[in-house]
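To begin, one chain is listed below as structure tokens, in the form predicted on its own.
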Amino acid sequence: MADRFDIVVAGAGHNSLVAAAYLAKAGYRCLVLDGRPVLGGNVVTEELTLPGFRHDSCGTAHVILQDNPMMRDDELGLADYGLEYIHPEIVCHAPFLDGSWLTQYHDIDRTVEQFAKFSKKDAAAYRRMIAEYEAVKPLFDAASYMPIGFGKPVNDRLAEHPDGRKWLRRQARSAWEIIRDNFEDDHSRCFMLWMALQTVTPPEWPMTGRLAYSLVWGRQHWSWCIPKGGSGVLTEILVRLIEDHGGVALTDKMVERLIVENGRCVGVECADGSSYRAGKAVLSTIHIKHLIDMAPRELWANDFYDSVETWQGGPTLFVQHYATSEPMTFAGDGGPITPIACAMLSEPTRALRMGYDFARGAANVDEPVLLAVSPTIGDPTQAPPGKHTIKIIGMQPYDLKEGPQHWDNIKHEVAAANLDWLRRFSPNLTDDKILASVIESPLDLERRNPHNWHGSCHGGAQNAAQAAALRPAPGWAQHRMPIPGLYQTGSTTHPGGSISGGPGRNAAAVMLKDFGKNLDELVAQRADRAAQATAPA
């Protein structure tokens, strides 16, 4: 392996791999370093419980990713590497305490019928909201999948749209206000609120209005979309692409210091004493709360440093992984059903109480708000024949009033309460059906992956103070860091967390521009080559 590379990438999350893949396609030799024994960050699939049971350690659904031009137009040629997605007909199932349920189907007409069971007004509202968002969605996508400053901000784009003024107000409101005002039945409200929570952003926060539309639209359009073979197949393929273009990816290489010479970042040092230099730039996906400790204080701009000092972690997750001998089974239309995802929200205001629980640092297991997901229902290859994986995800505060370390004392109690709540709706999951388990509190999530700072798998709160041009800091949202030669990607940058690939593609666009190249031209060249390859002789 050569001592020098064009680009040294610190951290192997999916966004840094996306960026490195574009850079590799453009002819730059990339070295990717990660401190964990597996590449992929929060987009990995591992045998966490028993041999043969492949669990998605963190992210499972790749719904938001589908609207990234990288996927939509296959800009990197990932389909050539065998990337294949599964789109189940049953998207998500929401059971309620009164014995009723609302099932979202990939077929919108079937979903509308589910709302109509509770309210014809709500059924019409659902169809209308899906259509309204579809009409403006390209404007939001254009803003998300373009670096800050490279095009018009979303508000300017909306101002030019016939319904733009409505959307200026809608996006500034809270998701709770929009759902409350558009739906009359609590069953409908529960389903919509639960959907709006899927980026781990409290629905009562201002500037969450778009989430009342966008997340349910994505799942209605793409279903509970998962890669065949597990979430980590995406990052495995990205690593192969980088290696096929002369790059190298190394595990167990925890970056702990930036090498800065003559005021410019020229490489990194790892905890094992090794160092690696970059001919052109260093790209980081290290959490910004850790990144600022990797170079002397005086090298960081004061406004950047001050913004990082006030960075908020935001809501955090509590995760349980199970290997089981049976799938989740629920009462549904026509008899028992086995959906890939289950939404559990007992009543609308329970979603609002989560924000209060986070503020007071209390673990609340009273009718917990949960997502239970079983990828093996859609893709049986992820477990031994007839067996399944189940992941239960709840939202609990990292900062307990007793301190984060208190999670080690109570996590099994919280896990038992969450499992019991799932069993209210899927009673077949008795103890004898559970073969093994792994429980991860917010503190454990941080221990497993340092990028999960304070337990946040999304890099930090996605609120008005940490979004768009303010992410990660005002004046520093273009992926260029205060130290020349250093760039930042990942969930601490625009457009934020979730499996979207947006920060990775955007960072690549900025870096290519600084190198005198153009991402759009790179993509066009690939499209031309693909067209020539398929043209008749």
Ligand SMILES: Cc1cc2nc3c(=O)[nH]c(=O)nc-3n(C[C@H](O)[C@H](O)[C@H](O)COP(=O)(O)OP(=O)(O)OC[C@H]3O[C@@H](n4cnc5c(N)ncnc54)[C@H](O)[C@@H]3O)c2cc1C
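Small disclaimer: the values here were computed from a predicted structure and weren't measured. Residue indices: 1-based, along the sequence shown.
Separately, the form predicted together with the named molecule exists; it is not shown, and the next lines address it.
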Checklist line | Proximity to the named molecule in the predicted bound form (heavy atom, within 4.5 Å), stretch among 23-31, 479-487, 39-47, 507-515 | finding: 39-47
Check: Looking at 384, 450, 336, 153, which has any heavy atom no more than 4.5 Å from the named molecule in the predicted bound form?
Finding: 450
Check: Which pick from 286, 102, 258, 91 sits with a heavy atom within 4.5 Å of the named molecule in the predicted bound form?
Finding: 286
Check: With a 4.5 Å heavy atom cut-off, would you call residue 19 a contact of the named molecule in the predicted bound form?
Finding: no
Check: Is there a heavy atom of residue 458 no more than 4.5 Å from a heavy atom of the named molecule in the predicted bound form?
Finding: yes
Next item on the list: Report yes if any heavy atom of residue 148 sits within 4.5 Å of a heavy atom of the named molecule in the predicted bound form; otherwise report no.
Entry: no
Checklist line | Any non-hydrogen atom of residue 172 within 4.5 angstroms of the named molecule in the predicted bound form | finding: no
Notebook entry, point to check: Taking 55, 232 and 370 together, does each of them reach the named molecule in the predicted bound form with some heavy atom inside 4.5 Å?
Noted result: no
Next item on the list: Can you tell me which bits of 314-337 touch the named molecule in the predicted bound form, meaning any heavy atom within 4.5 Å?
Entry: 317, 319
